[in-house]
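The chain below stands alone and is given in structure tokens; this is the form predicted on its own.
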Amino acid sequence: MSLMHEMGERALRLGVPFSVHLDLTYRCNEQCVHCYLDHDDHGEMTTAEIKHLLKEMADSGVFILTLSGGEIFLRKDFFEILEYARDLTFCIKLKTNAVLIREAQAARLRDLGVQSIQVSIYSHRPEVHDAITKVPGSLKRSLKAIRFLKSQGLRVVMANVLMTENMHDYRGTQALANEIGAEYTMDPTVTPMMDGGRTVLELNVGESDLRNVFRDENLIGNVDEFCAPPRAANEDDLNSLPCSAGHTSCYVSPYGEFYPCVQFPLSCGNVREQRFIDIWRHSERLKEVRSIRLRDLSSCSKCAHGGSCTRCPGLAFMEGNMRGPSTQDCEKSFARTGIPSLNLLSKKQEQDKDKDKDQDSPPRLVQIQLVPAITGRRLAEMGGGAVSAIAS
């Protein structure tokens, strides 16, 4: 067991927030096609507010601090915040597109003892990467910055989100990382918008392409082991935690909203109104998140993939129910093993029933009636019940 894992286990036993992801801003100098954020500034925390929060986090026992955005280097006070965080002895990880990093910034990051810097690189080909970021020349500038960082002896991770736009470039991107001497990580999940919008999910790669990725030994190692038939949940699995969100880690937005995770937009409080530790200890919503065990998930606990699925409760929450399945994770499990989950089988049965129903039903006569327009005021009086949103 690694030291970091051992510390995390101890934090779990003690109820300590071991790791915090803090977004300093949602503003960004890139406009990535898959991004889940609104890039406008709706009132970011000030330098003083962030410093106050960092002190509260340190007093609460936080050890790992991830600073991200948006683009962190758009904050003019970034290095002031970073220096203060290092004075509090956090182990600091940064996430950036690195476009604004020059030699001077790289040297300063080295002097401040940053643990790692994750840089988003979507392709080794400028025409693909730049089309995703919507910024011409962005790949060239990001790679130049990565070389600056590596020259200072810093640990750099090149992070690649796999999507339809760059599906065939991950091998080239991995080779580029190897050539530069950076680590490489790839995530095949495009997540919904923080406001619940799901149109961005159209960028997720299809099942056949994902199946090929999961059988690339250069990426995942032992293919037979990784793609082995799923293991049903045993007693230990049924009593296990879904993930670390809300247990040893959490997320704070640039506006002070406290969430279990960056992919779990269930607000548990706001650090501008409450102390960080009070939210951590007393939030009823956070307690609800912590109460969930695999055995409480009616579908997942009975699924063939129960013991091996990487189900994300945040993605399940954005799908409508934190205690329900995450269809995106079901699809990944299917692509990996070739065996559909209980959730996918259920959806297939529903689709078949709807198809049969449409075929058996006689053509329906639709009567169209003209109705008075519903004004905004009248809609408000009706509680918005006259309008329904379709989410899939």
Partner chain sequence: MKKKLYVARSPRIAARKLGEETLVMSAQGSTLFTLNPTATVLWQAADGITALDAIVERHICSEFEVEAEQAIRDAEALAEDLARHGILLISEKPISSTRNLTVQEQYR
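Positions refer to the first chain, counted from 1. Quick caveat: nothing in here was measured; it's all calculated off a predicted structure.
There is another form of the same protein, the form predicted together with its partner chain; it is not shown, and what comes next is about it.
Taking the partner from the other structure, its partner chain in the predicted complex has a heavy atom within 4.5 Å of a heavy atom of Gln115. In the predicted complex, its partner chain sits beyond 4.5 Å of every heavy atom of Gly181. Although the partner is absent from this view, Ala58 contacts its partner chain in the predicted complex, with a non-hydrogen atom inside 4.5 angstroms. In the predicted complex, its partner chain sits within 4.5 Å of a heavy atom belonging to Thr89. Checking Val62, Leu67, Cys330, Ile50 for any heavy atom within 4.5 Å of its partner chain in the predicted complex turns up a single hit: Val62. Taking a 4.5 Å heavy atom cutoff to its partner chain in the predicted complex, the contact residue among Asp187, Asp216, Glu83, Glu288 is Glu83. With the partner left out here, its partner chain still marks one of 302-310, 243-251, 127-135, 153-161 in the predicted complex; by a 4.5 Å heavy atom cut-off that stretch is 153-161.
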